[in-house]
Each structure stands twice: as structure tokens, then as C-alpha cells.
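There is one chain below, alone, in C-alpha cells, taken in the form predicted on its own.
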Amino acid sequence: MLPTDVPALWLRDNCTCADCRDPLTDQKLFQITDLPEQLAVGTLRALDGGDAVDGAEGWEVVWAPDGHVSRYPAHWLQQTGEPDPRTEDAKDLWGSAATLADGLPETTWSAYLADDAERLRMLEAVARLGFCLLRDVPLRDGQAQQVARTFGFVRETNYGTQFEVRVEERPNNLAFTNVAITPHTDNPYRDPVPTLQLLHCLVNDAEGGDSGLVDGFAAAAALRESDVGAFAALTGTPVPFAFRDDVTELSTHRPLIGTDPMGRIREVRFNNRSLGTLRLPAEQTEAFYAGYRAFARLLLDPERQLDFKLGPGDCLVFDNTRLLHARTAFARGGARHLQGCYADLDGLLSTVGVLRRREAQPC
């Protein structure tokens, strides 16, 4: 590809010379309005041998009308854009537990800490599959937060920096009882929603209390394939989500399926316990509820749910914007105690990027 094959303004905007970008931060030193209005390639010269750009063949552009000089490696011109890591294009969707033929993405806590490649493998699993499972995590108070800090920062909410998932005498959420919890996303009433959740098992001796995960992106993609109208209703209808207790009042309006401007699935918010009262014209309300029921049938299909039981020392890390999690009921007299916390995908994806850079560097 030649520099003349791409828009001139784009090419000039990506000049990396010291006049255009700070050498230390790599941040731009100009505004787009600083560039000439009638920008064009003045002269073009191939670079190789001693003239190569950072050792690679490339091109030198002298710009008209201002005479600015830019250099571009040939391999850089050939690159294609990376997909948004938050959207379905960057994910490996799984419609059922059977799809995970290679087993669960899991490792031990000691291996995760000791080996950057193993840590990268687990964090990439969260980015691609939506979750990973760390085994033999120490049974200490606050350990879920320590796990979160290996890749990002703890997200504090009205539940604090961590929350206790156990039976409470006066619960403000059904999660803190022994009843079954159907597949759902956490905190849909919050904007922005916590994008990652961690659950660390301290005790699980109760009869029942098994965990489950459902790929909401896969279900949303299946709905789009089978019922275009239902998909359109759920992506185009903001619905109220709300949570309140004695000291908290939270609400937001968001669609059940969030998409980016190109229509790619980017977020799922599904929580029947927190869904408020929709007040729209009858025709629009009927379309939403038809889509809501169709989506719920997919999400609540047992064939789509990955079931497992967390044991002491297991820490589940999962994408709360994509995966729904569930729990079976358990005997009230049995001991079951998980500690949880929230974190955010941007921190995890940042750590993935840094680990990939390290892996690519020659020894």
C-alpha cells in the first residue's frame, strides 16, 4: 500500500515525528485544526537500507503546502484496525457448556502469580470467554480485593469495597439469602455498571448453592439471528432499573442489549429483580415485552448454563457486562460464605496489553 492510497488528512494526523508527537508520552502536540486545509502529498520517496524507518522499509512524505516531512513504515500502512475489545467482535461466544470443549479456563493462584504467561492466559480468558477460575486462593478476609489488584483497581459501591455473600438476618438483596437466584447481571441500576465481578469462596458446605454462568452475548446474537424485531426492540428501548434501601437510591435507563454505533453487541443488562415499571405507548410496550420474553427464554434455557460448584479457595472472575451468573438454592442450616468485589474491564485490558508487550520483547 502506498501513502497515496489512504486519505491525506488521516495520514498526516498519524505522523510520529518529534514536532507532531511528544517523544516521551507519544501524545499529539497539535490539534486537527492546525493542519492545512488543502493538505496533499507533495513528494513521495521510498525508504530502505540506511534510510529505513526504525530498520524497516517505508515511505517519506513531503507535504504540501507547508513542506512538513513525515516517515511511515510500510508494515504500519498494511495494518488493519483491531476490534473494540468490549464488543462481540473480540469475543469467543459460547452458547452452552458443551461449547467449552477444552474445559474451564482455570489455574492455581500460585501459578498465576509466578508466571506472567499464565496470568496473561487467565486475563485473556476473561476478555475472550468472559471468565476465569483461580484455584487455591488463600482463605483470607479481603482476598478477592487482592486478586482484583493484580490486574486493576477495586470498584467501591454502596456495598463497600467488598461484600459478603451469605445469609443475613435482614438482607437488602436476595443474594444475601439462601433462595435460588436466576441468571442475572449485577447492578444494572448503576451507570456506569461495574464491568467485572469477583467471587471468592471461603466456605461452601451447604447442600445446594451451585453456581452457574450464561453467555449473554451469545444469547443476544442468537436472538438477533432468530427474531430481528425482538432484537431491535431490546436494543432500542431504554428501560428503568432501580435499587433502593434505607441509605441508597439508584436508578438508570438503559436497554437490555446495548450496542455500539455499528450495531455490535457491547453490553447486556438483565435482572428481573431490578427492572422497574416501563411507561411507554402500548404498541412500543408490547414490542418490548415480546422481545423481553424471547430473550429470557434464551437466557434461562438450562442448556445454555455452565454449572459448577465453587469450593473453598476458588475465585471466579467474570465480565458483568456479558455473563449472567446464577445460584441454586441451598439448605439454610449449611455454611456458605463467599466474599465478592467489583473491578473494571479497562484495568484488566490494560494489564493484558502490558503483558503482551513484555511477551513480545526479545529476551
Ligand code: OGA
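The numbering used is simple: start at 1 and walk along the sequence shown. Quick caveat: nothing in here was measured; it's all calculated off a predicted structure.
Just so it is clear, the following notes concern the form predicted together with this ligand, a form of the same protein that is not shown.
Only one of the listed residues (61, 306, 298, 338) places a non-hydrogen atom within 4.5 angstroms of this ligand in the model of the complex, and that residue is 338. Only one of 206, 139, 181, 290 comes within 4.5 Å of this ligand in the model of the complex through a heavy atom, and that residue is 181. The shortest heavy atom separation between residue 221 and this ligand in the model of the complex exceeds 4.5 Å. Although the partner is absent here, residue 197 sits close enough that one of its heavy atoms falls within 4.5 Å of this ligand in the model of the complex. This ligand is not drawn, but in the model of the complex it has a heavy atom within 4.5 Å of residue 163. When contacts are judged by a 4.5 Å heavy atom cut-off, residue 186 counts as touching this ligand in the model of the complex. Per the 4.5 Å heavy atom criterion, this ligand in the model of the complex is contacted by stretch 321-329, the sole one of 48-56, 62-70, 27-35, 321-329.
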